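This document opens with one chain alone, in structure tokens, the form predicted on its own.
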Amino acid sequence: MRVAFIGLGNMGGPMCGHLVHAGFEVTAFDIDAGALGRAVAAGALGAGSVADCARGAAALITMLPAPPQVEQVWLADGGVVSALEPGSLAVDMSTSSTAVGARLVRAARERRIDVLDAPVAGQSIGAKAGTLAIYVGGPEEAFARARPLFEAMGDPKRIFHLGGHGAGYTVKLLLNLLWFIQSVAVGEVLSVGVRAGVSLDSLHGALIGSPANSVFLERDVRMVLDDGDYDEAFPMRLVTKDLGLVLDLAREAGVPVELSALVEQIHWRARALYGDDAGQISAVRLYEDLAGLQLRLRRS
């Protein structure tokens, strides 16, 4: 199968490499010449445009920063929908919106192109390791066609077919929301506890052993607690983008989400203080600064 892959950033670059290593014939494109060069060095064939990349491919994958880029690559003049052949498969693995996704499906249907939305979770670490979780929306038949591609990039046990078009986008936005809520909550709890006189080692260990434990508390926040690393591989400009998308989703669903709105504003505050490129766990940094401390574990 010849696969076109567009979007070779911190996530897309390793994902493209896994497809090459799995034996797929991959043509790649990115507007960043350095990223494209790395994909070519890993075994992909470089293309000069999105249309050149997509032309003749049996399957297309896009992994792009935000809905405007997704819509531009798919639907603009010279976009991939016009370049793909009828009967091909097009998969957007970006974290995007259901509204943009619906426009992609309508345009692709006119050309008899099967579409899936299949955003991922697992951070850049999971992209490099090939252990991503993948959340898929779209027809069952298209999902079956795409499964070998997904298994090359992700954990076969965590590839979820969730329903029709848009279901993948929806679940990914909601899990991101829950993760960012936990980032704020953990930052608050640890800062209050340490300022109240409990050692961070004792507090963190007690919380992990309690009913309040979570994957974020036990594993993800350790980047901060062990190394002072706020995970710049996923920057705050994308965090606030995702939170804005999930608030749009909640409004469309008619559900009031006061907590989610507050969490979005806390992350916007962190972005304003630390910059667009600050790491995605910068909400914890915000509480460190407000409490006048650094949350660092003593144990190895």
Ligand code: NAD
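Residue numbers run from 1 along the displayed sequence. Everything quoted here is computed from the prediction, not taken from an experiment.
Below: the form predicted together with this ligand, not depicted.
Highlighted residues S191, L200 and Y287: none comes within 4.5 Å of this ligand in the model of the complex, counting any heavy atom. Of the residues given (V246, L64, M236, A57), L64 alone sits with a heavy atom within 4.5 Å of this ligand in the model of the complex.
When you look in the model of the complex, the only residue of V120, V224, V91, L104 with a non-hydrogen atom within 4.5 Å of this ligand is V120. Contact annotation for A108: none of its heavy atoms lies within 4.5 Å of this ligand in the model of the complex.
Interface membership of S260, defined by any non-hydrogen atom within 4.5 Å of this ligand in the model of the complex, is ruled out. Although the partner is absent here, H204 lies well away from this ligand in the model of the complex, with no heavy atom inside 4.5 Å. At the 4.5 Å threshold, heavy atoms of D52 stay clear of this ligand in the model of the complex, well away from it. Of the candidate stretches 40 to 48, 269 to 277, 250 to 258, 25 to 33, only 25 to 33 has residues with heavy atoms within 4.5 Å of this ligand in the model of the complex. In the model of the complex, this ligand lies within 4.5 angstroms of at least one heavy atom of each of the following residues of 240 to 259: K241, D242, in sequence order.
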